[in-house]
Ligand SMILES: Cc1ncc(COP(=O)(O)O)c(C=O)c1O
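In the block that follows, a single chain appears as structure tokens, in the form predicted on its own.
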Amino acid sequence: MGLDLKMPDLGNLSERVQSLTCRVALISDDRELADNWVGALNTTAAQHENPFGLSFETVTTDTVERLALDEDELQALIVDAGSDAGGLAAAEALVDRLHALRGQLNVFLVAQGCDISVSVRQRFDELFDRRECNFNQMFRLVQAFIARRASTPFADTLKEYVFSARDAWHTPGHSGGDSLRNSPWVGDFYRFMGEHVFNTDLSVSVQVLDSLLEPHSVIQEAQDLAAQTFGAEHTFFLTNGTSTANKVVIQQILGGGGKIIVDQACHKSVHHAIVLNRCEPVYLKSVLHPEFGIYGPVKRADIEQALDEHGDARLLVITSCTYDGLRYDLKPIIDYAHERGVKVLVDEAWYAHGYFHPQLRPTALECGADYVTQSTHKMLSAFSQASMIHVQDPDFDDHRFRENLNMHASTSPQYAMIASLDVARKQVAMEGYARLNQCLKMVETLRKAVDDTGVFRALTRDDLIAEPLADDNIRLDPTKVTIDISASGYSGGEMQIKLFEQYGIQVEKTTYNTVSVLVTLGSTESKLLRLIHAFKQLARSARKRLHVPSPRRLPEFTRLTCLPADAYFAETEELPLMDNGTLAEKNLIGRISADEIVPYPPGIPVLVPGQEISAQIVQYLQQLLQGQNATEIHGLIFRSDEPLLRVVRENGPSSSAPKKSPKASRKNGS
């Protein structure tokens, strides 16, 4: 494919890269050629500047796949296609298999002659002729491609600018921390946060750092590298989270209105985008696991039925993987949508790591999604709120997308956050496979240790998939470990407190009888040891549980009486939710919610704007607010500690209901 941007400065790289080893495998069944070339390349490496520690070795075609799986330090492959035409086809097939294992490796082709098709050429970074034997050039090109993948154009520029120590006569007002450094009142905060938190917090006035809203140099270069790394056509950085990413994509496809098919359990940002863009939603019901209270994916049959029934839909939005690690068999779903002219957005907020290990693939991009949003900060090494949008829509309008993004993005982005995206991308490009190998080994150790307690149980894929999803080929991201604590006698909330207060461990989430932990690139053996020790100790203090609660099922979706936007922006009134129970129920039944009401957990709306309120919904919300462990509910209004619901006035927007009947915008009661 060729290098199309300037080369990194290897001199600077050599100063900051220490103790690196990059193994390069020459794949050839021609033993004489392989031995001669590898010997010459290693001699060349010893004679030249070699900051990445390139070392060359020979492997045969029947052993290279095992090498790719076993060797973490493998960074590049040189594939010998031999001297006949049949060798090219074999080399192409081999590279496709290797790409499925390690998509980040640089791959070079050694061939004889010029008759190389475009499809073959696109699979290789560069070509070498078997007869030329210019080992200096070969070494430099291999090194150059690895250096390019290992570069962080924005992060490097930011660091260079900071170290140049320019005087700041621009925003932000702390001026590199000078306003805090010597203050008797807030100097402690400066010392706590550290020098570089402040001197990397810069203004858009610094032109050398490019513009996130209109990138042309180092930010665009970093985004191009991210697209190449994650397998997208285009990638965009965001500094205000995947919430904004989802809103941007939905506005790109449905700005001004249109029909959207969406999982009712999707992230609240999708529901917000539906209001902002005056979309007409077709809500799909996610499947509740009855034993553990975990909401999973939507049944594939329900998605396909909705696509069949709503031929005017323009966008399908699904979440893969879920908070609990359940992910769709995406390709047949995406293909089904595309056959009906529907674009697909996959919210991969929890799955930015998926492309970097064969056990976790295929990702949404590999399955053909038009847009993928990822929270790079959730499982990778970026700062919180640092996210990416990946695009491979064949009808992509770059100009319009940038305008939509600019409507939501801040004009004062946090540069350290952008740098963290650049660095997180580099890490997975260079060592994602190795780090995820470590993660998966930790998962195996953790699961076995938890099961060995005899009290706690690490839930498997089969445990987590509810019966209605049994035939949908749902998969589990193993880095999300959900632990059944039922036999301990403690609730999820109680177990969370015990782990935190007694053992200094903070878990990711709980249900009434589970706790969930994430195994990320930042997980360490010491943290794992302490977590296992905590579960072993807690297993010894198990108690008999007097009352075993059952999971609260979300009440059935009633009906959508108007567009969510019409209800949200309508004239409204506030009605009490608790008001002696019965009276509140009487006053609320049949009224139209103006807000999205979301209990956390599980974070799934009980009401969306425009939805009719039922007795079941009122009773459910009342139950959540009662007792000692009241549930946090987003969207309620509290006046003097009295919870109220905002509802559309009786003369509200019923006349502006969707053109089709409300039934046309529902699926399976949802």
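From 1 onward, residues are counted along the sequence shown. Note that the coordinates shown come from a computational prediction; the quantities given were computed from them, not determined experimentally.
The same protein has a further form, the form predicted together with the ligand, not shown here; the description that follows concerns it.
Taking a 4.5 Å heavy atom cutoff to the ligand in the predicted bound form, the contact residue among 349, 316, 249, 418 is 349.
For the residues 272, 475, 536, 267, the 4.5 Å heavy atom test against the ligand in the predicted bound form is passed only by 267. In plain terms, the part of the chain that comes close to the ligand in the predicted bound form, with a heavy atom within 4.5 Å, is 241-249 out of 399-407, 241-249, 88-96, 281-289. In the predicted bound form, none of the heavy atoms of residue 229 sits within 4.5 Å of a heavy atom of the ligand. Shown alone here, residue 435 lies farther than 4.5 Å from the ligand in the predicted bound form, counting heavy atoms only.
At least one heavy atom of residue 378 is located within 4.5 Å of the ligand in the predicted bound form. For the chain shown alone, residue 387 is a contact residue for the ligand in the predicted bound form, at least one non-hydrogen atom being within 4.5 angstroms.
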